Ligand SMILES: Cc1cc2nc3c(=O)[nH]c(=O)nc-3n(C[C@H](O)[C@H](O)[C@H](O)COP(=O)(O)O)c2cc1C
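Before any questions on binding or motion, here is one chain by itself as structure tokens, the form predicted alone.
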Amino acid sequence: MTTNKFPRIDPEKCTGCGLCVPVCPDHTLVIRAEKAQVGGKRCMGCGHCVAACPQKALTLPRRCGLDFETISPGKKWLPPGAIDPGEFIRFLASRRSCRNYRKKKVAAPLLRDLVRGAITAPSGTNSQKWGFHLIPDRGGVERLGETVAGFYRRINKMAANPLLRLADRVFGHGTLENYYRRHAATVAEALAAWDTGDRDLLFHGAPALVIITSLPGASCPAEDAILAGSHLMLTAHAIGLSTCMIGFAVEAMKRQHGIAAGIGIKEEEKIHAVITVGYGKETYSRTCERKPPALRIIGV
């Protein structure tokens, strides 16, 4: 680990209470001469020690903090059980994917605060190697939509060719045949609606998008990005915005690299989530039930 991740300890503030020592996953901190000191060679920069210190004697270098523009979160840690669990589950169940947006523009500070909410998510080895790309206006959303539509026009044309589907079954993995059977008709309907301007079945009329990528060096890049996306969508619900993950856009951007390059995403970044953001037209009366989970208790 690089040394710039190690915590800095103010000996004037440190009382030697030792609360920082057991929470360190890398066993980096020790108490010597009644003060906390760095005694190990590894540090993932998780900040557990900073959060545990009642005297604010520890800091981590190169941290931006969580300074929101439209929200005023408290700084005091909430222990497990500090929030009413029933209300929390009701909040989780109330977030729904939105496919009908108002034309109202989302202010830039709100979009930036969504990203700040997203980065509270956990990440593998605390790498935090994620990237967030904001498309803050409907014009930008439509331009990306046109390039994604172009990709699916080409795929649908290929899938409609029985010889290409046969060749894919024989020499490939049958991906084209599977796409033809499961998605081609629906995509054709969406393309027709897009071309006529009748309805946006890709981004659902959203006025803004967030694209989440992973940067080189992440130990669990896809998991990190999806966790960040989940935190972003929950933050959006809390501040009055609606969201929806758009898998078709992710697939298009993964398979046709020029789409991502066209909006400034670097080649080394991997795309994991495209999320619509806006003010939803939809209202609901109650939370909805879910399918029973595939649950197995091991060892019983």
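This structure is a prediction, so every number in the text was calculated from the model and none was measured. From 1 onward, residues are counted along the sequence shown.
The form predicted in complex with the ligand exists for this protein as well; it is not shown, and the discussion that follows is about that form.
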Checklist entry - Heavy atom within 4.5 Å of the ligand in the predicted bound form: which of Arg169, Arg95, Arg199, Lys105? => result Arg95
Checklist entry - Which pick from Arg181, His133, Arg153, Arg99 sits with a heavy atom within 4.5 Å of the ligand in the predicted bound form? => result Arg99
Checklist entry - For Arg286, is any heavy atom within 4.5 Å of the ligand in the predicted bound form, or not? => result no
Item to check | 4.5 Å heavy atom contact, Gly264 to the ligand in the predicted bound form | outcome: no
Next on the checklist: Is Gly247 near the ligand? Define near as a heavy atom within 4.5 Å, in the predicted bound form.
Outcome noted: yes
Item to check | Contact flag, His204 vs the ligand in the predicted bound form, heavy atom cut 4.5 Å | outcome: yes
Checklist entry - Residues in which of 37 to 45, 237 to 245, 252 to 260, 22 to 30 have heavy atoms within 4.5 Å of the ligand in the predicted bound form? => result 237 to 245
